[in-house]
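Just one chain is shown here, as structure tokens, and it is the form predicted alone.
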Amino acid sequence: MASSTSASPREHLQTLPGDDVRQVMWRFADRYDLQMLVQSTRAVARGPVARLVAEGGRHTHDWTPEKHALLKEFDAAGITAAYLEPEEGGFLEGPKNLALALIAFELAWVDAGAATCSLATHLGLAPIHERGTPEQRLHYMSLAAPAPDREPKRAAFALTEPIPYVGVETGMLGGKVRIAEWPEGGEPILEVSKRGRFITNMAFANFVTAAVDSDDPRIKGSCMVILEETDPGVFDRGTPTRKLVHQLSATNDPVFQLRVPASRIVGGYTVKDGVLIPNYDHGSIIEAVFRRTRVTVGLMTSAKLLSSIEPLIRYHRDRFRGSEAVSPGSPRYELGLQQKEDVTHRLIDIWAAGEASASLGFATARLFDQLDPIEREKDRVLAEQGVHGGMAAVKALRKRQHEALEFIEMQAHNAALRNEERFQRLAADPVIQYIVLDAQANVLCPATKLWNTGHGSVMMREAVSLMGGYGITEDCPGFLGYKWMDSQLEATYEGPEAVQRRQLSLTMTNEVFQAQFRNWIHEMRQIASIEPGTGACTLASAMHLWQWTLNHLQHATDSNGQKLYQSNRQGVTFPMADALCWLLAARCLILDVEHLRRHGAEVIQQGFRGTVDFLTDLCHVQAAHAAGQAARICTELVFGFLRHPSWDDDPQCAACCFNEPELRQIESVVPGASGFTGDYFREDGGHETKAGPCVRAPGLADFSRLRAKLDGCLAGALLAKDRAAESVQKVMIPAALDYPQ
């Protein structure tokens, strides 16, 4: 069996994976600028941020001078300018999704509130960055750049949270815009009214990008508007939100009643027949912003999980040291709680989940770095063809979808067996590449947000529980109790879990994504044939089962004749989205470890073999978890909507069951054959004591075969966990945690 564990001897993990390992796994070993950014961010996180947390900075939701001082630390470390282009005062060339992901990861390693504080300014700038006019981008981005002679201007992002009990619905905007003045031949002056809720950075923001809806027939639809603190009118920062988590970020409920020129509409506007038409509605701007920033939120929870490993190992080993009854050198002294399999196995589960979520998050961040320039090139090509966004662009892309499918199919073939000239032409076409990558991004982004924060918060509870009562104290090393609570908010930030599941239920059925998914199954089989200990074969079998189930559900009906896979049937679509997230995270971890195996030996001199062997075992553990989750969900959905047969279902029941005389006849011809029969009626009309005959649904034989195959593919997964647990007992860790510094 391809997914069985390797019989070759394995080395144990010598030290916890360091920067050299992470740089290779997460693909920034050749980016010196990002390596320096990681180091400067880490110095802030484990220095000023960690000290503020240790000194009780989280005990108030008010924005204190001590918290405000962190902003200057962010400026000095280059965190504030990381989002900006060099001509705007930044220092990083090119796309910055991976850079922002690394910043969020490093800060959240200590405190996610600090990460949110740093990234909220980027979020406030994002609408201008993604859809602003060239003049808006240059002006506001430059204002946000730190400079020796002035404080940088800070931004906030005001979408709209529903205000409880005042009649604001979730799907409606809470802000309004109308035309206050429109001088003859001059620029319209807008009057903006908005009440925000749970707006980050509002304690100190100098300008706000706010979503508003038209309240004037002379303005079409919705838009986003830039509001400055010096604009005439009311710029009320509001009261602090009484948060229980993320206290190192400033969150308020502001009120705005301001007059601004129409040139503040993000992306500009046109005038037609006396009506002001924004170039972008608020929905299209938010889509462009959130599809990127949700990735960093997902990575905050990943950082929490991986940051818990070292404190947990130290706590477990030191648990009995200092007792007179435990002498140095004894197993109880040296291993402490690590003598117990339950402790090491649960730690491995946390570690594997943390690694998989980080791999998924960073893979998605890199994907957006790849997608950003291709998207701009696609826009240019379409513009040359007279296509300018909106539905026209959607139709233009749809017409070329068959070429994207052709490219994906050719990707799976050996170069010698395909039309290489045609393949290279498609590979060089920005429109085709955009269709392919966009289909991936539309799945990976919500998957990162949903799985990393949702499952991550569950595993953070595990981490806290492994600390015993110590885990929910302020003195807990690594601030694990705070991190557990913070993860609950991260599952809600930028759209709660239902929003992510809803998006996935639509995007994961995209034909282009499904074609790539088929290639990914083949990719896992290929890895499994070379490195069977990774669990890649297990994962491939689970992916195959999931794809078969999705196709089945899209065409099947329940016992009442109702279609199963449809928009409002979230009891079907949402679990399938959950199952997919498990599979994607496990796949990304396997790919990262394979990349490390191929490219790490050149840069990692000590303990390379042990690190790769340990991470390979984590891959197998996580692949088995993912396969188990996917199998459970798929089986429930395939069989759960069938009505269970009843003994009273005559004549159907009689047709599917033998009678006792029939069995005797069969047995007389083929002795032992009756052992292969299922349900039967006794001569007195009785039957076995159970709910009814077993289910025999036509057309599900393939599912049963795939499920049985997957069950067998789990062989070796717990042997891998045993080996990983043994490594945890032997790995060397520093004498003390390196924060607060």
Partner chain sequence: MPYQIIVCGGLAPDPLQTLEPVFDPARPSLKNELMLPAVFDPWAAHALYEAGHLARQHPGSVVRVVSLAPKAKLQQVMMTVAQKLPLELVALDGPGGGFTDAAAVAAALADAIAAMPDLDRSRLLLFGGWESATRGAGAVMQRVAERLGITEQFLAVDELSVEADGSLLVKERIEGGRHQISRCSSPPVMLAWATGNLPEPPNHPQTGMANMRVIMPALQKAKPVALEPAAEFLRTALPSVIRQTRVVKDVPAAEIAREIAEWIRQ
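Residue numbers count along the first chain shown, from 1. Since we're looking at a predicted model, the values are computed, not measured.
What follows is about the form predicted together with the partner chain, which we do not show.
- Shown alone, this chain has one stretch from 463-471, 103-111, 71-79, 566-574 that lies within 4.5 Å of the partner chain in the predicted bound form by heavy atoms: 71-79.
- Residue contact with the partner chain in the predicted bound form: I733 places a heavy atom within 4.5 Å of it.
- Contact annotation for V326: none of its heavy atoms lies within 4.5 Å of the partner chain in the predicted bound form.
- When contacts are judged by a 4.5 Å heavy atom cut-off, Q562 does not count as touching the partner chain in the predicted bound form.
- In the predicted bound form, L642 stays away from the partner chain, with no heavy atom inside 4.5 Å.
- Comment: the partner chain is not present in this chain, but in the predicted bound form one of R422, H595, R178, R321 has a heavy atom within 4.5 Å of it, namely R321.
- Distance criterion of 4.5 Å from any heavy atom to the partner chain in the predicted bound form singles out G607 from the list P430, P311, G607, P152.
- Along 382-399, a non-hydrogen atom within 4.5 Å of the partner chain in the predicted bound form is carried by no residue at all.
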